[in-house]
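Single chain ahead, written as structure tokens, the form predicted on its own.
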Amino acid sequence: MQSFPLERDGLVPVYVQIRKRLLDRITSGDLKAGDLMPSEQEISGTLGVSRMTARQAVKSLCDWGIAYSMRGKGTFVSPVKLEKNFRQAQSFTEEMNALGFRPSSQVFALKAERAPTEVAEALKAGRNSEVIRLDRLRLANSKPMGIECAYLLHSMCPGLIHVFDPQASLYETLWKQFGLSIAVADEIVEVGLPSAAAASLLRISRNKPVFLFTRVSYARRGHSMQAVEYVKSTYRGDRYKIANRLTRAKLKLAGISV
């Protein structure tokens, strides 16, 4: 790391100045995604600051999701965050393929069970309705991105357990095998902290914020929509960002559009 002048008696804290210089190197392309960043020891020795100050500068970049640390290996530049598109009802596989990433999955559960109360209500099914539960770790280019727990009405796709390929798109399978085309989805997004199990699977610490998605997907059946899928997902906050386009409705005041 090259030395640069620091304003030690200025209004801007020294660690913020160091952070800005590191951030400039990342935005300029000098440090790219996956590159090893200067260590605390290197920053401290080159700039003549304490290890605590150097640690504070690096940690703040990690807190922002711009960098991430691996014990015993160092701190690395984070990949560019992927945009979560809310304008289309896409599966994870479809999203990753559209972005040029290689999607894959690890399946933890694929079984039939009685619908939990929350699921039955969301799918507008009877209390004793049977659902197919599909739990998966979703990966992009072999890196963990999120965990999904999906429930599908067994009556809508009765043979899914036997025909579903874990590496294939679920929505594509629903269409090809059962004639179900997902047309609309209602999705709620919240921010929270991962459970211990989720943090372990996603390879993050428990104090790292995550996106919590709840989705109900509908397929067209004749002239109506039928709820088919209920999904609870946990996605890494340091690898996703939410992108949307908002439009302003026209207001009419005293006959004048504004």
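Quick caveat: nothing in here was measured; it's all calculated off a predicted structure. Superpose the two forms; the largest set of C-alphas matching within 1.5 Å is the rigid core. Start at 1 with the first residue shown and count on from there.
The discussion below concerns the form predicted in complex with the DNA, not included here.
Contact annotation for G74: at least one heavy atom lies within 4.5 Å of the DNA in the predicted bound form.
Taking the partner from the other structure, the DNA in the predicted bound form has no heavy atom within 4.5 Å of any heavy atom of R220. Using a 4.5 angstroms threshold between heavy atoms, I204 stays clear of the DNA in the predicted bound form. Remark: V14 counts among the residues lining the DNA in the predicted bound form, judged by a heavy atom distance of 4.5 Å or less. The partner is absent here; in the predicted bound form, the one residue of V191, A197, A33, M70 having a heavy atom within 4.5 Å of the DNA is M70.
Site annotation in the predicted bound form: the residue of P166, G179, P116, P158 reaching within 4.5 Å of the DNA with a heavy atom is P158. Across the options 25-33, 204-212, 54-62, 225-233, residues that bring heavy atoms within 4.5 Å of the DNA in the predicted bound form belong to 54-62.
With a cut-off of 2 Å and the rigid core superposed, C62 has a Cα displacement that reaches or exceeds the cut-off between the shown form and the other one. Once the rigid core is used as the reference frame, the Cα position of K73 differs between the shown form and the other one by 2 Å or more.
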